[in-house]
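A single chain comes next, written as structure tokens; it is the form predicted on its own.
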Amino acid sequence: MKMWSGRFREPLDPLFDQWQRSLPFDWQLLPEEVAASKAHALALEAAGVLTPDEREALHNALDLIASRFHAADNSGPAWVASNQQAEDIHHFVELQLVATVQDLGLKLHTGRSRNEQIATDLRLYVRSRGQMLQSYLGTWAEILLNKARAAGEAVMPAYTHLQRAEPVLIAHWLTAYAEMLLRDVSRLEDCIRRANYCPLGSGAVAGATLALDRSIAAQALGFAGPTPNSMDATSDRDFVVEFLQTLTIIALHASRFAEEITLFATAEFGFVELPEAFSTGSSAMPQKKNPDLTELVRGKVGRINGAAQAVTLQLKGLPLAYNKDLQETQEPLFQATIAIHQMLHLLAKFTHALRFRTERMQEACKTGFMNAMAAATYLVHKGVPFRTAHEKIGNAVRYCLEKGCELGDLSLEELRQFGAEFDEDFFAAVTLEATLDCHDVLGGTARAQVRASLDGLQERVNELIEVRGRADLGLNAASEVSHADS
């Protein structure tokens, strides 16, 4: 029997009935539904609707449902999703309660609506998955820092416009991505903070018809407080859009890393050795080792951003308050969350296994006039205005191109045709080490600055891991995420 069938005399069209059911995907919200139901039972007990014994019996029955869902044999999700009677996750839990505690299970729905239930479940989902993602981001950032420390003073070319620009420490390049990930953590914190208010007690649209103390459920679920407006609470999915937009930015950062690794793994660059455990071959060309992981990371961005765009369009123009359209926000949310969890888990393992060809990277830093900026800076220290210094070094570069050599290969006599300021100390100023160390400012690639940057980043990552924990990189972790969210 439907939860709403009293007013109806005709059965639903069978095809429509199956089409409109959300249990095939909202089964993923069972842990959140159980937690919210337990919190509502506490509020009902405080209001005198439930006796302490009734509340305890409901809590015990809800715990049994949760324990079966989390069974060690992983049968729980199928047990929920395959149910043919329940319309949605709320109906499923009610049916299980009735099977366990009979009519007492029906009493739990007193003073609440599915509109507030789904709004609460989704907020709990976004909060828990956002916190999990912070842990995954922290773990990947920690691996990037470990790689940066292991790289020491090894160098690589930095690029602008995909043209060689200046040499940087490999550590400097790696920590650039760590900075992106920590910004992603802060975006998730902001999103969770705004989502962390409890809709329970909002009713279907106008508020509960019982004098419930809404702070009881809010506190039981760890929310900052109750939502202030019932119409907004039951129809608000801003937090879903914001979460998906944050996932899009995380995916963009992952894709930028993946793109560079894909380029660096080509024979033309030859900067990295792809881990075989994360690469595939060609069915036609025996020599191939393809960067499938990084290519798929680039591809997943479209799916995740597509989820954000889909939910945005679903919300556009919706009148207050709840509309069935809101059901369509769930699948994009679940699918994008699964995709980003799996992506971050795999990228952390991939990065750990990645190997740099440091000799090749260093050789690439010795050609292409990558010390030209340092050469211009040398002239600035001699009192030459930068624009003039820029032109002098530009002329020297053109001369070297015609001669087929680098700036450091010119004789002092040759250099002085571009300016009398050149002296013997010029050659020490354009070595690879000097070129790095002339960028001795906060955030620069000078060796001392990068060491300090690493220490500061490590403190921030340690704080994150202390709060959120280190994500498990064991072989079972990816399957657990996939199983829990798929």
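Numbers for residues come from their place in the sequence shown, where the first is 1. Computed from a predicted model, the values in this text were never measured in an experiment.
Absent from the display: the form predicted in complex with a small molecule. The rest refers to it.
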Note: exactly one of 100, 135, 245, 327 sits with a heavy atom within 4.5 Å of the small molecule in the model of the complex, namely 327
Can you pick the one in 256, 114, 147, 300 that has a heavy atom within 4.5 Å of the small molecule in the model of the complex?
-> 114
So in the model of the complex, does any heavy atom of residue 197 sit within 4.5 Å of the small molecule?
-> no
Considering only heavy atoms, tell me if residue 32 and the small molecule come within 4.5 Å of each other in the model of the complex.
-> no
Can residue 345 be called a contact residue for the small molecule in the model of the complex at 4.5 Å between heavy atoms?
-> no
Report whether the minimum heavy atom distance between residue 156 and the small molecule in the model of the complex is within 4.5 Å.
-> no
Can you say which of 364-372, 248-256, 287-295, 87-95 gets within 4.5 Å of the small molecule in the model of the complex, counting heavy atoms only?
-> 87-95
